[in-house]
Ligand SMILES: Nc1ncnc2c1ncn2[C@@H]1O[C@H](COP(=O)(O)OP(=O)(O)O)[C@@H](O)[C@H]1O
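The chain that follows stands alone, in the form predicted alone, written as structure tokens.
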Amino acid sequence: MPSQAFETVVSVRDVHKSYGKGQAKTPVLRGVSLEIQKGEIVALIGQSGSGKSTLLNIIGSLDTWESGQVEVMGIDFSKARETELAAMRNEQIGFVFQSFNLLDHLTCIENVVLPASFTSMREKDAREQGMEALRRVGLEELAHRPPGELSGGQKQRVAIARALYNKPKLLLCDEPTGNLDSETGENVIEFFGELNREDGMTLLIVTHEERLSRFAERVVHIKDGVIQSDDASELHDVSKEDSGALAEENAS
């Protein structure tokens, strides 16, 4: 597995994808091309059925495609073995979904350390790393509670902690604020910004919410399986460097 840093984290070229067969075959992606550079925050905006979640799943190697080229972290998916793709998903990519995907019969810490099930890490080390992830999202005190005792915002933060467990370079988020109220959603968005600024994490966020498009540095609109526009957000007038300097100035 390549260990060097790649300036281009995601490269999708002329990708086509359909569901169904014969007369029922329905195109979902129609020649989509997209590149994402290291450290970018990209919002992929589109209505239900636009193909945005399908594209996200292909980038995360959770779904297949019919034609075109997909390369993530320097790995050409068409040439990679499944073991290599599985290692990339577990070690290089974090996933955050609208539905949280937490297991109710496990505690929060047990949910967070699930990625360790695919490694040879000792249980003690795995739990220490899991607690570090929960501390990062401010939920260390709830580590031993089941998800059923948490609010929606707390569940999403546990899901984010699980996504951060292996300290991924790329975070893929599918409607991460869709089940949250406005205030909680804003808190999640702010935390994503912190991950980008402090960890240099690259984020691709699939959404139909305008508040996320305002937060992103780059907004890509997709409709009927076609990229309609790919523009830097007009509302993001300050560069990351200037934003960091401004934050330091305000804190002093």
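The first residue of the sequence shown is number 1, and the count goes up from there. All values derive from a computational prediction rather than experimental measurement.
There is also a form predicted together with the ligand; it is not shown, and the following applies to it.
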4.5 Å heavy atom contact, L195 to the ligand in the predicted complex:
no
Can you tell me whether S48 touches the ligand? I mean in the predicted complex, with a 4.5 angstroms heavy atom cut-off.
yes
Touches the ligand in the predicted complex: V28 (any heavy atom, 4.5 Å):
yes
S53 within 4.5 Å of the ligand in the predicted complex, heavy atoms:
yes
Pick the stretch from 180-188, 53-61, 34-42, 210-218 whose residues have a heavy atom within 4.5 Å of the ligand in the predicted complex.
53-61
